[in-house]
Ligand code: ATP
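Next up: just one chain, as structure tokens, the form predicted alone.
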């Protein structure tokens, strides 16, 4: 990879990998990558991606090895707190939260124990893979508990006698249930984030970085959005517009030989349900079409 090409750090294996590669493809990137290669080379854009451990992404962006990175907020926050302890206040710029990778960092208590909530934490030991986030939470809430770091399989720490409770990432909660743990308070809502190096990006890269960031925003905006077309009485426009979820001001066009009726075109940025269409019909709308949106730039 040459220095004038944009480099993006992406998780090499895990719950974010497939989503990240799909996002880049939806932004128009065509790339080549061998089966065992950890680098994808952009063929139609000066953009390459590196497949790395998620824990390494914040550092690669911080050190300007990569211009951009996509990483979970849980990892970013843990690394941000680590950098803050070293006096580095802005190790990376969070440009945008993405619409995938949703999970939560939450306490979990053994079934049948006397521990029920954070009010019971004083004097207890908490096992977690995110010690800095948990310590920060304890400090901010004036709680006196010990934190022991587990690099994996955090849920078995209570049964091993290493801790009285855990604080771990939760998605469905199935793992907690399987290990006889009860989910408690959430201390961080996590999602995949697009981050940028704090170092000034060279001028020759800036245009493509900005273009890629705008395309990512555009892809995020159209997910779940719909383009709706219908005929409606002009007198019912206000009622119809109020029924459309997350809609901008509609485009209204006259219909030939249809006095009092117009064509209405509008982008809805929220889900459109059957009940919405039925309400529109009751308000006087007809010939209602709901179409998916592939691309959109604001």
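All of these numbers come straight from a predicted model, not from anything done at the bench. Numbering follows the first chain given and starts at 1.
Quick note: we don't show the form predicted together with the named molecule, though the next part is all about it.
The partner is not drawn, yet in the model of the complex one stretch among 84-92, 135-143, 216-224, 164-172 has residues with heavy atoms inside 4.5 Å of the named molecule: 164-172. The named molecule is not shown here, but in the model of the complex it comes within 4.5 Å of a heavy atom of residue 190.
For residue 239, no non-hydrogen atom is located within 4.5 Å of the named molecule in the model of the complex, even though that partner is not displayed. Among heavy atoms of residue 176, none comes within 4.5 Å of the named molecule in the model of the complex.
The named molecule in the model of the complex comes within 4.5 Å of no heavy atom belonging to residue 184. The candidate spot formed by 106, 155 and 180 lies out of contact with the named molecule in the model of the complex, as no residue has a heavy atom within 4.5 Å of it. In the model of the complex, the residues of 91-120 lying within 4.5 Å of the named molecule by at least one heavy atom are, in order, 101, 102, 103.
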